[in-house]
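Only one chain is shown below, in structure tokens, and it's the form predicted alone.
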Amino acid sequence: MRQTTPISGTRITAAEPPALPARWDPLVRDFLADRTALDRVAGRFGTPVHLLFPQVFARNLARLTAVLDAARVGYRICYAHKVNRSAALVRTAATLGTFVDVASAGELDSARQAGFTPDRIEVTGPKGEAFLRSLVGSGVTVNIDNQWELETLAGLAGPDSPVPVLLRISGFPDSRPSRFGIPAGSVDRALDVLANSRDRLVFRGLAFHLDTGDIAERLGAAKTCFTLFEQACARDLLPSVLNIGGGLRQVFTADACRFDDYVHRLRDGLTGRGPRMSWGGDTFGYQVDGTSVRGTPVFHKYANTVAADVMLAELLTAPLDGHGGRGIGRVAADNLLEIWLEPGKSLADHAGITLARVEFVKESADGSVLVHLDLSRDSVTPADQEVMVDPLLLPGHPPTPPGDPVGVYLAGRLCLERDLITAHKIWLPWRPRPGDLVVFPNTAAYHSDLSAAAAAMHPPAAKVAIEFRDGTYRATPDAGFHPRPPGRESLTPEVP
């Protein structure tokens, strides 16, 4: 299942219950260890609540920046705003001098309010005519998704306000089909429009975004783009940008061996060779045929152990076929091209957690223990995903009660059968009690915002920014958080 190097060599005994230990950022871990600070936040804002850590975001940005600096290539990091609606995170990105990738009029407004000037904004994703019309004269760079967008924008723009554009390319050899982008085999038509509209559209370069972490596929996409640049130059178009998109990985697990052990036991349970560890008939995307389990599970990304900065370094330096062993970074630099990238998950990695409270515990007809929380599944994970890291259980009424580990399923607050937060069984250190706190790790990247449930008129969970400053943790409502300029005090202090 894993195609990466394990990060732990833990020996697992048969007596140990299955576990999926989560990786916690040191700053987040120490905040949770400060029970006074945690209780103060929970008491002030209630639960459920999403806690965001802008200082972790800033450290993630610093790691990617260091890789790009080492590659000695011109670059632009565009924070993918869609990963989280948080004002605190987008304002942190603006304060640190980076750029931003927005995919809607709402995100564009948010970026402007955060302090991004037009020259630091890229607009991506599919765009309708009304949105395109609003972009003319705005000064932002438009990442064109399709031929219709290109021709429509060419008709809307004028010589007095030429629009800088990128062309998003798709349909690369050996890559899965994508609903986004202009097929590589159809780029000639787009380049003709650009050549005929050079007084209205300023061609900046080409872009791609692949929904995979596979380095070979990304190298293939870059190779195709370098070939297409030659076609652009033949029309006297002068590209200056290769946008390699986002998709840098997150690392969720703290123990790869225990992750693999859990998955092994889960698969055994699906075939009847071991105790059942899944709710109902959930197979997590596996194809189960008798004693055989095949396919890729919906949680496969949780198995990754390669950090985003390591992946980026490999992507920039891996030899590119037909370019004398040079990597993407070197080829781009030699051709006076800037590398743009659109990280979202990797910048928000471990920069957020979600607190929920136990409302009650019950047993189902088959004896399974259900722990009901005061939030819904959609508040901590996209609907099609399964969160394969263990949450942290904290006593709501200290001290910690005695007890043995108990296998449970976490249930949400909606009166829908599908609102099961964990369809896989997790083992908690004691049988939870009403009022106990459950902390979900690493929820800032898509997990808390992609499909937040508002059914039954439940209010959405509040967002709160947490800073460690002057020896203490400070909590600020997300909308009211304003980071201080790095010149006065670093956003990345020493971990307490």
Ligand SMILES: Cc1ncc(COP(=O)(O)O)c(C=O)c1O
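The first residue of the shown sequence is 1; numbering continues from there. Bear in mind the structure is a predicted one, so any value in this text is a computation, not a measurement.
Omitted from view is the form predicted together with the ligand, to which the following refers.
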query: Heavy atom of residue 209 within 4.5 Å of the ligand in the predicted bound form; finding: yes
query: Residue contact check: residue 80 to the ligand in the predicted bound form, 4.5 Å heavy atom; finding: yes
query: Interface membership of residue 170, the ligand in the predicted bound form, 4.5 Å heavy atom rule; finding: no
query: Exercise: residue 446 in contact with the ligand in the predicted bound form, heavy atom 4.5 Å; finding: yes
query: Per-stretch contact check against the ligand in the predicted bound form, the hit in 335 to 343, 394 to 402, 353 to 361, 255 to 263 (non-hydrogen atom, 4.5 angstroms); finding: 335 to 343
query: Listed residue that, although the ligand is not shown, lies within 4.5 Å of it in the predicted bound form (heavy atoms), from 248, 142, 373, 90; finding: 248
query: Residue (of 86, 379, 124, 422) lying close to the ligand in the predicted bound form, criterion heavy atoms within 4.5 Å; finding: 124
